[in-house]
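Before any questions on binding or motion, here is one chain by itself as structure tokens, the form predicted alone.
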Amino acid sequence: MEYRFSERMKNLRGNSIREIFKLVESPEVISFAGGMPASECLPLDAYRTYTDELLSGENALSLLQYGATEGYRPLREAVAKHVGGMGIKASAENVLIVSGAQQGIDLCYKLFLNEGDVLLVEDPTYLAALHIAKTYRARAIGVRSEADGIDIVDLEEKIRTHRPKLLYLVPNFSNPTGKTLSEEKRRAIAKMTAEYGVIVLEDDPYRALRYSGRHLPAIKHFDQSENVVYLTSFSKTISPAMRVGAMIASRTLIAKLTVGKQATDVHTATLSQAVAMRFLREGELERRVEASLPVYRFKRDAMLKAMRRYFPKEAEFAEPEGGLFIWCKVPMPARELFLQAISQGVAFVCGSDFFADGKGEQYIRLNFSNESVDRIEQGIRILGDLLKR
């Protein structure tokens, strides 16, 4: 049979990271490709305890029934209190629980982007944000990046030229570069986008994973016009498999986003929401994050040390203050390096997947969180040998 696919899907390729996962299923492969939290930091004991207690309580059956699309109210209240501690004013009515932050990106695009509409992104940016834009047949245009995040001058020029509806940013330890947007630029972005009528989608899954420096206020903290949508997730701090995240926005936007979610999955799994609520209410999330930071810092430092030792001097990289990634410019085409590396059992993600225009052929993204220190050194040594050839 000849399948007649929709225009939005027929030429769409799969997410390259998800495709790489198929290549690295073997435990023999040293994978720097994913963005998974360290397995040893996953809170299995607390998760089991909370699940058992919730399913043994008097409201257990309600956790197995349909729930409100907006989310489990005790979790929405806990999230509002949690972001309040970060300087974001919110009540439960400003919170929509989503099935992972990636659904939040999809819902925001669904709400604002028609075919041909312009979306601005920092170049490079999270590849799924580009992938989702393609499904809505929107035009993603990259804005130059500097050491402290997106170039404000280029941003205003691109806003004036392209009249975008939406700006997508990862302000803390950006995926893929690990950069952190300066406080000055956060304030300027909130002011500039309000003046030009641009919605900001602030995707902030890595904020808690800071290993040096100080926490900075969110762009949402400076929002005076209700044009900033703040998006967070428990995937990096509790468990990716939970698929629980949260959007914080004006009540008007939350109402429209809720309608979009109703048509997608009705609601996020209530039991997972209840578990996330317990982590927040009982302070377990903060305790677990605090315990995980030395693990991640040690792995980051181990990868940087190995890169300094084994990579040629032409390779360029910086030390991120947090997050899960190291961004590196290498002296050869990344895809050529990937093919050689995977044949020797090492995987990473090529940089071109993160650019709106597909450039960045000499960049690679390396994840340090989900391999042991010994395997990190082994994998980096293999990459270094290939680069030196």
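For clarity, every value in this text was computed on a predicted model and none was experimentally measured. Heads up: residue numbers just count along the shown sequence, starting at 1.
From this point on, the text means the form predicted in complex with a small molecule, which you will not see here.
S.K.: Which pick from S233, S292, Q273, T180 sits with a heavy atom within 4.5 Å of the small molecule in the predicted bound form?
M.R.: Checking each option against the small molecule in the predicted bound form, the one that comes within 4.5 Å is S233.
S.K.: Which of G142, G149, P205, G71 has a heavy atom within 4.5 Å of the small molecule in the predicted bound form?
M.R.: Checking each option against the small molecule in the predicted bound form, the one that comes within 4.5 Å is P205.
S.K.: So in the predicted bound form, does Y168 come within 4.5 Å of the small molecule, heavy atom to heavy atom?
M.R.: Although the small molecule is absent here, Y168 would touch it in the predicted bound form, with heavy atoms inside 4.5 Å.
S.K.: Applying a 4.5 Å heavy atom distance criterion, does Y296 contact the small molecule in the predicted bound form?
M.R.: Y296: no contact with the small molecule in the predicted bound form.
S.K.: Could you tell me if G260 has a non-hydrogen atom within 4.5 Å of the small molecule in the predicted bound form?
M.R.: Close contact is absent here: in the predicted bound form, G260 is far from the small molecule, nothing within 4.5 Å, heavy atoms only.
S.K.: Test of understanding: in the predicted bound form, would A101 fall inside 4.5 Å of the small molecule by heavy atoms?
M.R.: Within the cut-off, so yes.
S.K.: Thinking of F112, V200 and N227 as one candidate spot, does the small molecule come within 4.5 Å of a heavy atom in every one of them in the predicted bound form?
M.R.: The answer is no: none of the three residues contacts the partner (heavy atom, 4.5 Å cut-off).
S.K.: Considering the small molecule in the predicted bound form, find the one stretch among 205-213, 305-313, 251-259, 112-120 with heavy atoms no farther than 4.5 Å from it.
M.R.: That would be 205-213.
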